[in-house]
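To begin, one chain is listed below as structure tokens, in the form predicted on its own.
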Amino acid sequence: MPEERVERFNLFERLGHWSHGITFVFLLLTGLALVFRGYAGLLGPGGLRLFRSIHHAMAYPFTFLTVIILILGTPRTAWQWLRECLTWGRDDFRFIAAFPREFFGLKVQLPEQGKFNAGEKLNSLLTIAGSILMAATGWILLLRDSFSPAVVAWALPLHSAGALLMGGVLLGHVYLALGHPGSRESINGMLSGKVSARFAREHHGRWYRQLKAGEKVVKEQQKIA
């Protein structure tokens, strides 16, 4: 009998996730060439110009595309995601305190979580803050003639700090999605949109119960109709 699977993310949530992730990776890799001379030397003048052009082009989808996809494609779930990321309770703080053991593969009992566990909430908040910082400082650097020298001088180190922050978040995110034995099934949610019921129960028990309760109500309403 095939294992039960439940929908975790719809098409637009997945498109928003991948558009943001892919454009950031392009920006990170091309940005390194613009900062580190050794990297730039390997590319040569032509390669450096190409990387600069790609970096500037990726600024547009990084700044606007994900927001457009989420607002126009799935505003209800986007708002639910933001609201949940900003809502923290006792179990969330207990999760954060215990999660380092889980991260390094040690046995630990984590408190029950909703659709987004506290680690995912923290990842989301860091990503939002980092993206705003990167976009704001990036556009200042791109349109530097429109700003004072003092503003441009501040924008460069802040832009680099934002890249370090988001690069670190990305590495942790990739490890948990692809390498960690306890959570790597989560990548299925961003590929097919679905995860196994077992994974949902074990990692997002509160959300799974709410999901099944909602399905039960719909079935009962259909019977009455």
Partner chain sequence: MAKYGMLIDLTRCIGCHGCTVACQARWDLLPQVQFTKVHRYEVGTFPRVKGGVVTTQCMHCDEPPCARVCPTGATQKRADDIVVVDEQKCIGCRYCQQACPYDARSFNPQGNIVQKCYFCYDFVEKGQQPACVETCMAAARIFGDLDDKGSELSRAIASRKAVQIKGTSIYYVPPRNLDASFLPADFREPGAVRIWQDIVHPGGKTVMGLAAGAVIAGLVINNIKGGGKNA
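Residue numbers count along the first chain shown, from 1. Just so you know, these numbers come straight off a predicted model, no measurement behind them.
Missing here is the form predicted together with the partner chain; even so, the following discussion is about that form.
When contacts are judged by a 4.5 Å heavy atom cut-off, A136 does not count as touching the partner chain in the model of the complex. The closest non-hydrogen atom of R184 lies within 4.5 Å of the partner chain in the model of the complex. A153 belongs to the set of residues with a heavy atom inside 4.5 Å of the partner chain in the model of the complex. Using a 4.5 angstroms limit between non-hydrogen atoms, G172 touches the partner chain in the model of the complex. Stretch 143 to 151 is the contacting one of 123 to 131, 110 to 118, 143 to 151, 84 to 92, since its residues have non-hydrogen atoms within 4.5 Å of the partner chain in the model of the complex. A heavy atom within 4.5 Å of the partner chain in the model of the complex is found for one listed residue only; from A177, L42, L165, A57, this is L165. This chain is displayed alone, yet in the model of the complex one of M190, V67, V35, A197 has a heavy atom within 4.5 Å of the partner chain; that residue is V35. Residues A97, R206 and R209 are none of them found to lie within 4.5 Å of the partner chain in the model of the complex, as judged by heavy atom distances. Residues F103, F104, G105, L106, K107 are the ones in 75 to 112 with at least one heavy atom within 4.5 Å of the partner chain in the model of the complex, listed in sequence order.
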